[in-house]
Structure formats: C-alpha cells, structure tokens
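Just the one chain here, laid out as structure tokens, in the form predicted on its own.
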Amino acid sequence: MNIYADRGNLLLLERRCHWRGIEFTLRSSGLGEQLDPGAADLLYVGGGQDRDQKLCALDLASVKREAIHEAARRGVTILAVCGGYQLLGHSYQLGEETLPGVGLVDLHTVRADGPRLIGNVAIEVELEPGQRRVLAGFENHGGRTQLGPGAQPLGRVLRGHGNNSHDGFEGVRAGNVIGTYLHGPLLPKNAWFADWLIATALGRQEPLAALDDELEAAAHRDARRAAGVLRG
C-alpha cells in the first residue's frame, strides 16, 4: 500500500542515512511473497484505499503474519501508517465485512458511518523517558481505532482527531512497533522522528551525526503551524 506520501517517507530515510554514510537498501514485499523476519532492520507498512487494503490484509494475515511477529520479537523497528496501522491490530470492520489484522498490537478498527476524520493534526509523544516532542502531520481516515487494555498510544492529541476523535489519543506504540494515522508525509515534516527510527532500528545508543536541518526544521514549524500548535 502506498498512497499517502509513503514514498516520501522512504526517500527521507534513505537520504538521511546516505548523508551520514549509513548503508541503506530498500526492498519491497509483494502479495504472496514470504517475508524474511531477519532480513531488515526496519519494516514499513504504508496506507491504501479499501480495495488495496483488503488484498493486503489477507496477505499479511495469511502469508506474512508469523514473519512479522518474529521480526517484532527480534527487535526489528516497525512503522505502519494509516491503513497499515489499522492492520497491525486484530481486525478492521468495514460494514458487514471484517478484514483480519496481524494481531501484533491490541487494537481494533471500525469504519464509522459518520464523516471522515480529516485535517492537520499534532500530537505530543515521549519516545524517550522525559523527552516530550511534537509530531505534526495530516490525517484522513474513516475508521475509528480503539486501543485495547494491553496497548499504549503513541501520543496525546494536541490538535486534530487522533484514533477516534473521542479518547484524546493517537496511534499505538509497543516497544519498537509504532502505528499512526499521521501522514502527508510524516517523516519530511518530522525529520527528528526519522532519525529516531534510524537510530532505533540500528540499535544506536549514541546520537546520530548532526545534519544541516534548516529546511527540515522549517517544514516541521510549518506543519505545527498548520495544526494550530505554533504561532507566528
């Protein structure tokens, strides 16, 4: 699945690795293809329309499920965005049809009869103890996601709808597994988060080499300003 600027997310990861001299290889995993749980440091699951999501849901649940669980147990970093996020859970109910999820995290999603949740969004996250930062992006989803008692949200909604427009939470985090509705694209608007993903995927304890992030910082400010959490 790849319609919500997912290529932009992958390109930013590639460029920021390249600029630091970190080897980066991108491989796709198509429908019906087995997934090697030890072949990657980071797995990315993008978003898609209903038709594509149905095909991918069946493939993830029947072909790739065990490999994804094994990768998570190995400590592989997993980022799933929008439709990919919904499929991390137990199921996604679309009217009378229920799509299976991979059951990696404790959540389920239901397509609501009401309006889609659309707009700029900002959330506060704490990826490292005592270090709170803002992720900003765009959301556009008809599904309402409910976290189960065994799941922790990625962040607290500052502006926007989040998982369901009711509980004030957005996304999910279980160790190195992260799901979020933020796209538009997510990583170019939050280069610091891309660096966190890279460092986490590589098991780096020390900070990554600094880059000239003037443009990236401006993009982050613009995203926060669009969401209404930064003035001026």
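All residue numbers refer to positions in the sequence shown, first residue = 1. In this text the structure is predicted, and so the values were computed from the model without any measurement.
Note that the form predicted together with glutamine isn't included here; everything after this is about it.
Residue contact check for His161: none of its heavy atoms lie within 4.5 Å of glutamine in the predicted complex.
Within 4.5 Å of some heavy atom of glutamine in the predicted complex lies at least one heavy atom of Gln53.
Not displayed here, glutamine is approached by Cys82 to within 4.5 Å at the level of heavy atoms in the predicted complex. Within 4.5 Å of any heavy atom of glutamine in the predicted complex lies no heavy atom of Lys189. For the three marked residues, Arg132, Gly171 and Trp196, no heavy atom of any sits within 4.5 Å of glutamine in the predicted complex.
Out of the listed residues Gly142, Gly103, Gly119, Gly148, Gly142 is the one that sits within 4.5 Å of glutamine in the predicted complex by at least one heavy atom.
Contact with glutamine in the predicted complex, defined as a heavy atom within 4.5 Å, holds for exactly one of Gln34, Gln49, Ser62, Gln205, namely Gln49. Heavy atoms within 4.5 Å of glutamine in the predicted complex are found in one stretch of 123-131, 68-76, 86-94, 148-156, which is 86-94. Contacts to glutamine in the predicted complex (heavy atom within 4.5 Å) from stretch 174-204: His183 only.
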